[in-house]
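There is one chain below, alone, in structure tokens, taken in the form predicted on its own.
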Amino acid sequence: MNPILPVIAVHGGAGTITRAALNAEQEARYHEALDYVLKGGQAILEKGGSALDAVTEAVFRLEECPLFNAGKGAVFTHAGTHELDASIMDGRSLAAGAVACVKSLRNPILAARRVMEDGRHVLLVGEGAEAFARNAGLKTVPPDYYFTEARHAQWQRALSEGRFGMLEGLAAEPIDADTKMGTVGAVALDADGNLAAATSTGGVTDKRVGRVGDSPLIGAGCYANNRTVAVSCTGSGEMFIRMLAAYDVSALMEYRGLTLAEACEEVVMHKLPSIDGRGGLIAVDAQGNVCLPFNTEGMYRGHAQAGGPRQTAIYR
């Protein structure tokens, strides 16, 4: 029997990302950031670490990078505040943890991981999630920590144009600001054959206070099951919730016998568009196959096997 070759994949959001919108320097910044994120997760897998630790590290790094809409650089709500969501799932045990509508946590993915490890609940929201995280010793930040000029300008445009709650998270000013879906995520398979997935987001620009999208909802924006696949989604959150997109990939594989590529194609290219769902996902199956489909013009993404080269991409 051939040994399992660990693999990790990451994404930093999908949407209208045209070559004309980025100059060479800006494009290089995204590739450099994605490579750095991949490198962290890949290093864990190469040392025999768990898929769970690999996706946690990758999403932690994405949350720390203001180019992406998660953690530092999260988008603004209609009220000019920030509300962040994150989730994580262990494919070995089907344990999961998530937080939503948090306003003071530096790294929501670490809070989601603690919720999962605590085991009492799966999803904590708002003040309760923040109190839980503080008691666990996780870092808190003032509201202005999340601020970036690019996010603020995007929010101002949303207010002036009256598109309440309709704009998606901007990754950087040169990208088409009004059609970028800003979620981040990671999926991985480790040497023990265990899968894991993690997803984090600042949500959508100008969203209503209290809005929750697919990112912290297990089965919608995040899912992992050792029998099938690990999935992290990015896109029009409400549509991914209605379609239970992440779980649907797994269900198509388990119950219909579809391959990873076939299941991803069915969900991203057929089912989601049928309800005007736009975006993409990253997925790795129990055999280490990787699929990174999207039905938009582009998606920030990358993948790497343990010991192999890291590959990053933006456009179709």
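Since this is a predicted model, take the numbers as computed values, not measurements. In this text, residue numbers run from 1 along the sequence as written.
As for the form predicted in complex with a further copy of the same chain, it is not shown, yet the points below apply to it.
Asks: Residues in which of 68-76, 187-195, 138-146, 112-120 have heavy atoms within 4.5 Å of a further copy of the same chain in the predicted complex?
Replies: It is the stretch 112-120.
Asks: With a cut-off of 4.5 Å between heavy atoms, is His31 one of the residues that contacts a further copy of the same chain in the predicted complex?
Replies: His31: no contact with a further copy of the same chain in the predicted complex.
Asks: So in the predicted complex, is a further copy of the same chain close enough to Met89 to count as touching (4.5 Å, heavy atoms)?
Replies: Because a heavy atom of Met89 falls inside 4.5 Å of a further copy of the same chain in the predicted complex, the answer is yes.
Asks: Closest heavy atom of Tyr36 to a further copy of the same chain in the predicted complex, within 4.5 Å or not?
Replies: Answer no; every heavy atom of Tyr36 is more than 4.5 Å from a further copy of the same chain in the predicted complex.
Asks: When the contact criterion is heavy atoms within 4.5 Å, does Arg134 count as touching a further copy of the same chain in the predicted complex?
Replies: Heavy-atom contact with a further copy of the same chain at 4.5 Å: absent for Arg134.
Asks: With the partner left out here, which residues of 39-54 have a non-hydrogen atom within 4.5 Å of a further copy of the same chain in the predicted complex?
Replies: Residues within 4.5 Å: none in this stretch.
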